[in-house]
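Just the one chain here, the form predicted alone, laid out as structure tokens.
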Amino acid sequence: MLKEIKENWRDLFATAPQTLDRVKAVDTAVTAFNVNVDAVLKISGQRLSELVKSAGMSLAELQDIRQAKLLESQDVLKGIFKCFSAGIAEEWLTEDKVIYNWMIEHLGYDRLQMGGQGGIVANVLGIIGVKKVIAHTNSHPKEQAEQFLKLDNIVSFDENGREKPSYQINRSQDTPLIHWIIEFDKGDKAVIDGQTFTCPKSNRFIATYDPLNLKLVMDQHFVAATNSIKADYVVLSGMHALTANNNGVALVEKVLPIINAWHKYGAIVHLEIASTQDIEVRKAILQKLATNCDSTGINERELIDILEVVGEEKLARQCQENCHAENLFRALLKVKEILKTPRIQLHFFGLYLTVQNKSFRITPEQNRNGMILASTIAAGKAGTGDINHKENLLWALGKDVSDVGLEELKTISDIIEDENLLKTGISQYAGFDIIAVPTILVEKPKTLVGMGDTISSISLIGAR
């Protein structure tokens, strides 16, 4: 039975090249709002020890953490040490240019790469062949331009509002918005005040200088241009870093008229929910934006976050304790019922799952084809390390879908009592179209950065 179903899915996945070719018919896609530069730095325990010593900090000072923020340069070292010694991941923010300059001078970086959902998705849509991708940038100096692929179909706006290929723009007065991704390895050792600390798990600390995205500052040239043209798709994100204390709820509401203008010209507007820590902002994103968008994309953590603020705490706990298909499917149906967003896509380990209204503009078959393309390209990204080159896009073509994905799909197929879902990925339940695709899993992925954004955007825009 499993062999027959795998062969079925192998035939379905063989259509990925044709689906990819059809993407070239998409005239215009818009990505907004958050674009930044990720500065990746691998730090050793020895270098951490040296930085702490040169800063004149004692162990007691290093461990004296009163807030998970970067208010002075020493806080950078506190954050790195905390995550290194505990093997955990955290992100601390700053809007202080002095701290930014300290990190430039004392940390540096190994390499720069595109950061922010808006930037990552712009590169993805550009490389898969959308005719024009309009990328929002609120800061676009040379350092940011260099993170865009050298493709003329990805465009932004210069300081005079002229549309140009994004890689060619240099708004030299803009300050780069840099997120330091500071990685460390399991088993590495740091010596502080004569005590040795061994890192228990490979992980990373993120030190972010991004005052514009934290305040949702928009490029008005971009807003004016995209609100007066017909775009096929808009992929929207960037609200997740806002906080209620920083006027975050009002900033979320400011996006609504822009969405309405996109809708006026017939765009399908997709919202990437992203992990939003501030509960009031999370509620505002759901109530103001998700309910007014055509499509949303989430992972299992974000699904649980939504449940926690829509009165489904018990279901959230069940998903937390047993994060598998049965609970996640029930949770997704509940969120669909509450938000009433026409289309919601969930991606979790081994499976992509879409629940959409039967009247949605994209058919279940088109959705499945887009999701198959997304699974193929995501596996290519994991296996090769990037999809910046077209030859990497279909690297995974011909590889079988995962057993774990088929098991999760069978669970949902059993719940809805329709074996057709297991065989074809398409069914109906509770008045909705259900589309599910098992994924190709790469055993030792070279990267997982931006994977969710890649999956969501290709699933939607490949569905035509």
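These figures come from a predicted structure and were not determined experimentally. Residue indices: 1-based, along the sequence shown.
Not pictured, yet referred to below: the form predicted in complex with ligand GLC.
Asker: State yes or no: in the predicted complex, is some non-hydrogen atom of G370 no more than 4.5 angstroms from a non-hydrogen atom of ligand GLC?
Answerer: Contact check for G370: no, nothing within 4.5 Å of ligand GLC in the predicted complex.
Asker: At the 4.5 Å heavy atom threshold, is N34 in contact with ligand GLC in the predicted complex?
Answerer: Heavy-atom contact with ligand GLC at 4.5 Å: present for N34.
Asker: Is L12 close enough to ligand GLC in the predicted complex to count, meaning some heavy atom within 4.5 Å?
Answerer: Close contact is absent here: in the predicted complex, L12 is far from ligand GLC, nothing within 4.5 Å, heavy atoms only.
Asker: Looking at the partner-bound form in the predicted complex, is G126 within 4.5 Å of ligand GLC by any heavy atom?
Answerer: Output for G126 is no: heavy atoms all beyond 4.5 Å of ligand GLC.
Asker: Ligand GLC in the predicted complex: within 4.5 Å of a heavy atom of each of L332, I412 and D418?
Answerer: No residue of the spot touches ligand GLC in the predicted complex.
Asker: Sort through Q147, Q117, T341, N138 and report the residue having a heavy atom within 4.5 Å of ligand GLC in the predicted complex.
Answerer: Contact check passes for Q117.
Asker: In the predicted complex, which of the listed residues (H240, K336, H221, K82) lies with a heavy atom within 4.5 Å of ligand GLC?
Answerer: Only one listed residue qualifies here, and that residue is H240.
Asker: Based on heavy atom distances of at most 4.5 Å to ligand GLC in the predicted complex, which listed stretch, 159-167, 354-362, 68-76, 179-187, is the contact stretch?
Answerer: After filtering at 4.5 Å, what remains is 179-187.
Asker: Check each residue of 196-227 against ligand GLC in the predicted complex and list those with a heavy atom within 4.5 Å, in sequence order.
Answerer: Residues within 4.5 Å: I206, T208.
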